[in-house]
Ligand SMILES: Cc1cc2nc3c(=O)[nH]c(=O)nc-3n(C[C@H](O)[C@H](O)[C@H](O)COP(=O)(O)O)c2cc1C
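In the form predicted on its own, a lone chain appears below as structure tokens.
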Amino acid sequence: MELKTLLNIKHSIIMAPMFLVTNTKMILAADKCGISGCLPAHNFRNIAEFRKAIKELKDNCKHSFGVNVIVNRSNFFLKEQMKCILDFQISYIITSLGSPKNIIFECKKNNILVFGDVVDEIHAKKVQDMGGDAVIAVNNQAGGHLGQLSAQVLIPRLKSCVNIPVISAGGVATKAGFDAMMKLGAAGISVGSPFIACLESDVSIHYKNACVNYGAKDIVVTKKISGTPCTVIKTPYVDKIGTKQNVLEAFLNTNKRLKKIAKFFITYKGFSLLKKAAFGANYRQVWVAGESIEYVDKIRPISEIVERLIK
């Protein structure tokens, strides 16, 4: 089943949930273009703000929109986020960084679809066996946390082992790229990085300009943000601090006793750095993006970015 049928949208495209970047203005603009936007729950400081944003979208979106939730123990607000999602009967959830088992159980009772982020066949099978409705196939060109396999390898592998829709995530910014994913058997695509430099985003002009001025060759993978491989633009500051963890960080990240606590503090420190860089002007320029910024040539409205994907 194609994504447009599953979500009742015009084009089989999800505007991916992006940490710090995606806001309600972007979701509403995407909705007008006939695609579906997905809002990260972790972009809001508290549940009251999250609930207000969901109500705004519920009142104004004509098509389906989704919410992205982090489902591991680092998300202390998951229970409250889920209550809000269930209260407003959101169309679908994309789960990240953990087992979606409990989320799927709750959503099944409320006719809410669940799509699970996966990077290989093992995780895809688990999502299907738990009752998930689709998998987001995160490939090695994705922005932020990425997979290890190319779309050309990953999509056929997942198609051969699960019967639920496979949605491709990573590396697409044009109609040619979109068509290529569909020919591989994808039900649709999830696109993030090309939307960072949109007029509707609230991130700084410096972040947007970086997506215009840098390209695929400037994307590097770092473990310094969360302890997990994550793609960022290789700015002079990133070049200075390096992309590998120091001896202490590496030790803490692999120590069985201290790993969970260490990961929390590393992630908190990394996300604080990202937030300052995303909304302010300072020399600590650490901006998350994927290789598809290669196709970003100017700051555009979302309508033009979508047009480039469908025409």
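One-based numbering along the sequence shown. Quantities reported herein were computed from a predicted structural model and do not represent experimental measurements.
What comes next is about the form predicted in complex with this ligand, which is not displayed.
42, 68 and 193 each touching this ligand in the predicted bound form (heavy atom, 4.5 Å): Spot residues vs this ligand: full contact, yes.
Residue 12: touches this ligand in the predicted bound form, heavy atom cutoff 4.5 angstroms: No, residue 12 is distant from the partner.
Heavy atom of residue 296 within 4.5 Å of this ligand in the predicted bound form: It does not: once this ligand is placed as it appears in the predicted bound form, residue 296 has no heavy atom within 4.5 Å of it.
Residue contact check: residue 132 to this ligand in the predicted bound form, 4.5 Å heavy atom: Residue-level check for residue 132: no, no contact with this ligand.
4.5 Å heavy atom contact, residue 96 to this ligand in the predicted bound form: The answer is yes: residue 96 has a heavy atom within 4.5 Å of this ligand.
Interface stretch in the predicted bound form with this ligand - options 164-172, 106-114, 73-81, 216-224, non-hydrogen atom within 4.5 Å: Checking each option against the 4.5 Å cut-off leaves 164-172.
This ligand in the predicted bound form - contacting residues of 131-158, heavy atom within 4.5 Å: The stretch 131-158, when checked against this ligand in the predicted bound form, contributes 141, 142, 143, 144 at the 4.5 Å heavy-atom cut-off.
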